[in-house]
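Shown next as structure tokens: one chain only, the form predicted alone.
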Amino acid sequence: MKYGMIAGLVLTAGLATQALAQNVTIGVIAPTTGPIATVGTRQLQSLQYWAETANKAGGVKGKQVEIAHCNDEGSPEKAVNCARDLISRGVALLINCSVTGPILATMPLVVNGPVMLTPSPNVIPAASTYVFQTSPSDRSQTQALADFLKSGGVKKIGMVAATDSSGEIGVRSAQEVYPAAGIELNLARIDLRATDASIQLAKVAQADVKVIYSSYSGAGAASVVKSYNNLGLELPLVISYANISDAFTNLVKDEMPKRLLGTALKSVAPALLTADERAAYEAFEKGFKAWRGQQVDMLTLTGAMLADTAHAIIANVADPKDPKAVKTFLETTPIKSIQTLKFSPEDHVGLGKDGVAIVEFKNGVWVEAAGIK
């Protein structure tokens, strides 16, 4: 082979290596089929919107972003397989948009990196890990709800909780927070496979209960709303964080309670945001609607915060595949988004109680909730 041809091949290989170096692959675990498909699909759409928009603008610091998605179907076993596959492909970051069980199952796989981001309120990563959580914790949400109820003079709350791992976390938060706030807890448990919650609701809807809280998501939460309507209950019903979506309200629109409230990101009621955060919200809302033809909801907003965190890492960390460098960056740098995320070397949860809003579904939209009378 002639020298010129060899030189040409070397140059071509060098250019290919350089091109690869300009790409950053983000691994995303998200259920896009199965009973919690809405959770994964909506967050994945936000990440895809970010990647497409960033790439059209020349990439992030010159790097093109690739989203490598794996559908775990909400299964811990499949989530582990997804994580193994994505890590073997050398992803710079892992974003886990699944639910509690699958997320917890994948955490042992990232003890040495890559950094994993997750929006699950039920996951509280140890500060020694490479896992960072971008939502207010379940405890923070419970504290925000307790403050709201206490301001309305509520002294007893009924609660229906699932028997799964998310339900256990919710019950633990409730048992720790409500009594300390002077609010008595009347609790009933329900299996996730149940299609009727009448027995549980009848148990918790006592004469001195002013509010009922349904702490779980998906089809089970819809069963609670339908049973609520069948029993003719008129107490305000509070639903949990994961249900603040168009998909859920469309599911229960024919059985809507007299008052439907929920714990949510503050950005669900954007009037509560700072000027900078609201500007970020409005830009995302406009761009996502033009791209997808759909309104944003809380699931797409959690996806937007994940995207902004990934963007900040790629833009500011010399090697996004270096988990120690990424960890140090996240622990020392606030992440500007539709809500500002603040991690620290002691705390890998980016939002606290002040990132929570108690919202109410009115005239087809979620707004800041009026008080309980």
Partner chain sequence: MNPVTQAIYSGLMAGGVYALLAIGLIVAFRTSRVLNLAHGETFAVGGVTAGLVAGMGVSKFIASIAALVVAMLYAVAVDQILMKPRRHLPISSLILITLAAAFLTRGVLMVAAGVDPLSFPRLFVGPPIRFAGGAIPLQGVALVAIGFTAAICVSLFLVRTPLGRKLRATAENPDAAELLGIDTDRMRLIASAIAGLLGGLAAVLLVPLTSIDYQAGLGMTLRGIIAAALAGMSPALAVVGGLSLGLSEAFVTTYFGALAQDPVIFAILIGVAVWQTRKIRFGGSQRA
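These numbers come from a predicted model, not from an experiment. Positions refer to the first chain, counted from 1.
Although not depicted, the form predicted together with the partner chain is the subject of the following passage.
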Contact assignment for the partner chain in the predicted bound form, among Gly293, Gly182, Gly153, Gly232, heavy atom within 4.5 Å: Gly232
Interface residue in the predicted bound form among Lys203, Arg278, Arg259, Lys289, criterion: non-hydrogen atom within 4.5 angstroms of the partner chain: Lys203
Contact test in the predicted bound form: Thr53 vs the partner chain, heavy atoms, 4.5 Å: no
Partner proximity in the predicted bound form: Ala247 to the partner chain, non-hydrogen atom cutoff 4.5 Å: yes
Contact label in the predicted bound form: Gln64 to the partner chain, heavy atom within 4.5 Å: no
The partner chain contact in the predicted bound form: Arg189, any heavy atom under 4.5 Å: yes
All of Arg139, Asp308 and Lys336 with a heavy atom within 4.5 Å of the partner chain in the predicted bound form: no
Stretch in contact in the predicted bound form with the partner chain, which is absent here, among 265-273, 278-286, 251-259, 131-139 (heavy atoms within 4.5 Å): 251-259
Partner contacts in the predicted bound form for 161-187 (non-hydrogen atom within 4.5 angstroms of the partner chain): Thr163
